[in-house]
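First comes one chain, alone, set out as structure tokens in the form predicted on its own.
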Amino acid sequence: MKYSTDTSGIFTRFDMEIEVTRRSIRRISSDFALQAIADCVADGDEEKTEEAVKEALEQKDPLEIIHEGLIPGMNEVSRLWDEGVYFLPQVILSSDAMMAGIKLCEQKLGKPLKKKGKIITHTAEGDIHDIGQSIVNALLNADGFEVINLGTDVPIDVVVEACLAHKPIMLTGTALMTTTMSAFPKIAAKLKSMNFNIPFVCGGGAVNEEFVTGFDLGIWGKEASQAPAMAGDILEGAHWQELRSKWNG
């Protein structure tokens, strides 16, 4: 039996080659440079995104590049995620590409881009499965929020202390194991006892709507893609009860 010695396809991203060939990125700008930036972000190519941004910065305002090239490109990624074309690797790569482009624009501006608000994310104590949290982080970053990522297996008191220190507009928690989800009502109870009535969006395979809406502050996050819109509602003044009423049954 003969075995092929061709290894060229081992590290090929077939998901990108096949799926994106079938569904091309929509045109977001008539400007060639801005469209090129959006395409690079959607392709998840950090190096090419940086090259395209550097070239565009020679003639364009940094804010124009951010709002008409980088962010629209990431919006296309969000659309493809919602449609089931993109998965976690594509979302993370595209988010990294967008953030690299924003960093170059911030250097040109001489100051950081103003964020919409702080959001703390974490995975429950005892749980190291952070896929859902990673997606939430990427989407929130892409939408202009400052994400304070506490990581995985985060003790209850660490979450509470971080909320008191950073004063975020929203807290999110992810739990993939049923043995860890009990941390969420404990966090909510501690925050509420301190009169810190922050919306606490909980998601992950271990939790459901009935569980999360069973304690004060809790809002069930069915899909990671809901996080930016929920945060947007909070910026417009929505209280945790209003958020629950809108997003949960």
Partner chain sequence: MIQTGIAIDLGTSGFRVQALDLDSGAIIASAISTCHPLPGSNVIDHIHFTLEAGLETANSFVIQALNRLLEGLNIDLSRVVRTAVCGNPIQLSLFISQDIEDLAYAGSKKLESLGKSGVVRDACIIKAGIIKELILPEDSEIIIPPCVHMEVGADALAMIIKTGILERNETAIVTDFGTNAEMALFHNGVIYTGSTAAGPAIEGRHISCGTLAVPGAVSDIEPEGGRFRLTVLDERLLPEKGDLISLPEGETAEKCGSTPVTGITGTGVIALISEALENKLISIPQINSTDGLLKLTENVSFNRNDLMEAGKATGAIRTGHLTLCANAGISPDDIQTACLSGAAGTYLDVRKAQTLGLVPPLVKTVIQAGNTSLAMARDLVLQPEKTDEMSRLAEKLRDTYCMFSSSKIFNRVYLLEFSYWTEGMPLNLYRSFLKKYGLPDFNPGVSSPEIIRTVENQLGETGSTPVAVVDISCREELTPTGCTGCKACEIKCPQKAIHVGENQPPVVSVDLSACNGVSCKNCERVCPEKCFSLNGYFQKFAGQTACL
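Residue numbers count along the first chain shown, from 1. The term rigid core refers to the maximal set of C-alpha atoms that superpose within 1.5 Å between the two forms. Here the structure is a predicted model, which is why all the values come from computation and not from measurement.
Only in words, not in the display: the form predicted in complex with the partner chain, which the text now covers.
For the chain shown alone, Glu210 is a contact residue for the partner chain in the predicted complex, at least one non-hydrogen atom being within 4.5 angstroms. For Ser78, no non-hydrogen atom is located within 4.5 Å of the partner chain in the predicted complex, even though that partner is not displayed. Contact between Gly126 and the partner chain in the predicted complex is found at the 4.5 Å heavy atom cutoff. At a distance threshold of 4.5 angstroms between non-hydrogen atoms, Met177 is in contact with the partner chain in the predicted complex.
This chain is displayed without the partner chain, yet in the predicted complex the stretch 149-157 from 104-112, 162-170, 149-157, 70-78 comes within 4.5 Å of it by heavy atoms. Residues Trp81, Phe87, Leu88, Pro89, Gln90, Ile92, Leu93 of 78-96 are found to place at least one heavy atom within 4.5 Å of the partner chain in the predicted complex. For Tyr86, a C-alpha deviation of 2 angstroms or more is recorded between the shown form and the other one after rigid-core alignment. When two forms of a protein are overlaid on their rigid core, residues whose CA moves 2 Å or more are considered shifted, and Lys190 is not one of them between the shown form and the other one.
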